[in-house]
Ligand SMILES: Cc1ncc(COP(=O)(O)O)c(C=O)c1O
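Heads up, the chain below is alone and in the form predicted on its own; it's given as structure tokens.
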């Protein structure tokens, strides 16, 4: 890696990890976006939204960035704002991971909460309304509005380019849908490069992007809760299938992957991996399936990986974790199976 002078120069070229293979040659690859600065994919689109605003004259020297965030977008914007000399205000709720909030503060962000201490419900709609109102009241402010910002998806075009440098093709792109930028931005660029993939979106049970009345859920940074507006970054014209995964299955998968492989992935990534593993034999033989792991599990040590927190919310399910471990053993790539056999 060359010598760099900015943190954002470290964005990209994240590794691919082969999680699972079948006897028919189908394989599940994880794009490990936690190897970006801030440990998340969203710094890609945070940078692109700011650069786009600068190009269009919406952000000028000493300006003020405002965004509603559950954490990872805010972390990315905090880095970009620090580098480029902007003030950054993150409108947040207590549903967000505490370590993400602490990290934003450490990088100079101002945090404005829409709920009182102790209220850890997801408040996406209230956050967005407040962020928009705050930006409208400040002449030097720009509301990046990640859910409805075309630059969001463009920020992930490089993911597609990186994938095609590492593999011959991507047959199925299966990943969680929050704002939609990572999945649909990557899918758009794959098509532009002559590699149209089947696109499968994953959201929590309780999210409304793929239909249904919805309800509460604990997966962070993904889905569209009831009362929130589905943003324009969710491109239904590219979506081949939308599936829902429960909090229990998503979190059990993240915990099982950590225990079996030493790989820490976030809860929403656990949902995507569960969706892929549970139907791996259904995909055409020889398929290459890619899941975008949008962040790592280290940010969720107080939640997903904390037995007490899980038990208090009736999310702890050893049987579900054991089922995922069984699938990980069944589909272990040959090299890993050989290592396990030798260890025994």
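Quick caveat, the model's predicted, so the values are computed rather than measured. Positions refer to the first chain, counted from 1.
Below, we refer to the form predicted in complex with this ligand, which is not included among the displayed structures.
J.: If the criterion is a non-hydrogen atom within 4.5 angstroms, does every one of 70, 180 and 222 touch this ligand in the predicted complex?
T.: Yes, because 70, 180 and 222 each have a heavy atom that approaches this ligand to within 4.5 Å in the predicted complex.
J.: Heavy atoms within 4.5 Å of this ligand in the predicted complex: which stretch among 274-282, 291-299, 310-318, 52-60?
T.: In the other structure, the partner sits against 291-299.
J.: Within 4.5 Å of this ligand in the predicted complex, heavy atoms considered, which of 253, 207, 144, 176?
T.: It is 176 that has a heavy atom within 4.5 Å of the partner.
J.: Counting only non-hydrogen atoms and a 4.5 angstroms cut-off, does residue 156 reach this ligand in the predicted complex?
T.: Residue 156 belongs to the contact set for this ligand.
J.: Quick one: which residues from 36-58 get a non-hydrogen atom within 4.5 Å of this ligand in the predicted complex?
T.: Just 42.
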